[in-house]
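One chain follows as structure tokens, the form predicted alone.
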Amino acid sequence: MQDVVVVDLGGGSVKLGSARQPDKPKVFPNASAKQKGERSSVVGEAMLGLRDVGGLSLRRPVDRGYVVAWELQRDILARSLRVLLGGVSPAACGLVLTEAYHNLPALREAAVHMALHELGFASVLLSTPAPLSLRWHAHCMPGLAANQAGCGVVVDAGFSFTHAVPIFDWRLLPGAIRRIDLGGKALTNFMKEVVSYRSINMMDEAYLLEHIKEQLCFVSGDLQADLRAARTRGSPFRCEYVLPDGLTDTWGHLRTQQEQEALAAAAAAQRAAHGPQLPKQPVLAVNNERFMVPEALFHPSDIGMDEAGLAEAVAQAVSAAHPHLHALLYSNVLITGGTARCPGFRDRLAAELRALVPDDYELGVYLADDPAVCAWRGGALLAASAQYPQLAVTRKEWMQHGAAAFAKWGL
């Protein structure tokens, strides 16, 4: 059987691997990075080996959800295929590649050209992430009635945007898709501004702060109560993040209570001995930012955006579908995407959505086991199925029919 490589091409990261190894996707930044004072750039998976992540200047091939720098995107994928899948020959493999929702025809043709001619794959199949995520969800929960019908709402909380995507019979309902112009990148930028004003200047540390955001942020279950607690002197949310030194500590770390006590004791002993002050470590202090940053997804008006919150967007997406599908769609709301890894995300969405759903409808809100790679795993299932040879476009079909060959994808 032909090997198939699966690539989930996200705005922030690439998930790549062989369908023959569905439990081992490689995840790495979809970017190139240049350190201060350096002329050469570090591309894609090579960024995982950086010892100093401070002050990186990033260049991303994806802007606002769409690939705009195809040469850089090709270089990132070509290097990762060579380094991470060194034993794989693209000429003998197929490719499953994700694309943006409502993708432009010219960008779809550019993706196919890159896959078949520049990367050299024998065949390619393009799909949006949501049907692939639902495919994996159905594999994990086959007894759910909506999954048996290929029906559900996929909440894709990605890097560039957050989408509510209704699906029926494994096909998107394009007119019902709703988008919030907030994703992981915008939340990182929001956090940069807030902590730079309140604590320490982090405006040039987008790559590092993205990591810190993932470590510290959570979605509040009771916003008003948490805000009141955050105002107190003994706020349970206040913490200190020690920034990396570029030598022994690559990403920095959260300062523990034991570490704080040890530092206080060492400082007291130093003062008693009238010795010089201990050198201070650069520390980022955070408090209510931990839950107010992801709060923007649920109430975009808090940051000046005139858009519906996440629960309202899901309800609008379902309402735009045929009325006969509403009950089935509400029974199977699947949360995916890297931003969905934030603790409390699923519980908050379920609570807000319940108030918007008719009482006689069952509401089922599910968080994927690993939201960031859910679409990749669904793509691996599709690649290993008998459907792939029927749906994939070969180089010969592309040369003969051009964009007309994409009709089999139903896009």
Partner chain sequence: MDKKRTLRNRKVSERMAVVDETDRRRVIQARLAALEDDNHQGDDFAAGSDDDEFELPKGSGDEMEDGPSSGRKKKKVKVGGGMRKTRGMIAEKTRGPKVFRDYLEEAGLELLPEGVPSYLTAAVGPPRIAAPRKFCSVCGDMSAYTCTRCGSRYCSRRCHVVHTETRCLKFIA
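Numbering follows the first chain given and starts at 1. Fair warning: this is a prediction, and the values are worked out from it, not measured in the lab.
Below, we turn to the form predicted together with its partner chain, even though it does not appear here.
In the predicted bound form, the one of Ser331, Asn147, Asn288, Thr250 near its partner chain [non-hydrogen atom within 4.5 angstroms]:
Looking at the other structure, the residue within range turns out to be Asn288.
Could you work out which of His322, Arg238, Arg171, His102 is the residue within 4.5 angstroms of its partner chain in the predicted bound form, going by heavy atoms?
Of His322, Arg238, Arg171, His102, the residue with a heavy atom within 4.5 Å of its partner chain in the predicted bound form is His102.
Heavy atoms within 4.5 Å of its partner chain in the predicted bound form: does Gln224 have any?
It does: once its partner chain is placed as it appears in the predicted bound form, Gln224 has a heavy atom within 4.5 Å of it.
Does its partner chain come within 4.5 Å of any heavy atom of Val219 in the predicted bound form?
No, Val219 sits far enough from its partner chain in the predicted bound form that none of its heavy atoms falls within 4.5 Å.
Please run the contact check for Gly234 against its partner chain in the predicted bound form: heavy atoms, 4.5 angstroms, yes or no?
Gly234: no, not in contact with its partner chain in the predicted bound form.
Give a yes or no for Lys185: in the predicted bound form, does one of its heavy atoms lie within 4.5 Å of a heavy atom belonging to its partner chain?
Judged by the heavy-atom cut-off of 4.5 Å, Lys185 is in contact with its partner chain in the predicted bound form.
Candidate stretches 339-347, 61-69, 372-380, 41-49 - the one whose heavy atoms come within 4.5 Å of its partner chain in the predicted bound form
So the stretch in question is 61-69.
Thinking of Lys26, Val112 and Leu391 as the candidate spot, does its partner chain come within 4.5 Å of a heavy atom on all of them in the predicted bound form?
Checking in the predicted bound form: none of Lys26, Val112 and Leu391 is within 4.5 Å of its partner chain.
In the predicted bound form, residues of 166-185 near its partner chain [heavy atom within 4.5 Å]:
Sequence-ordered list: Pro174, Gly175, Ile177, Arg178, Arg179, Ile180, Asp181, Lys185.
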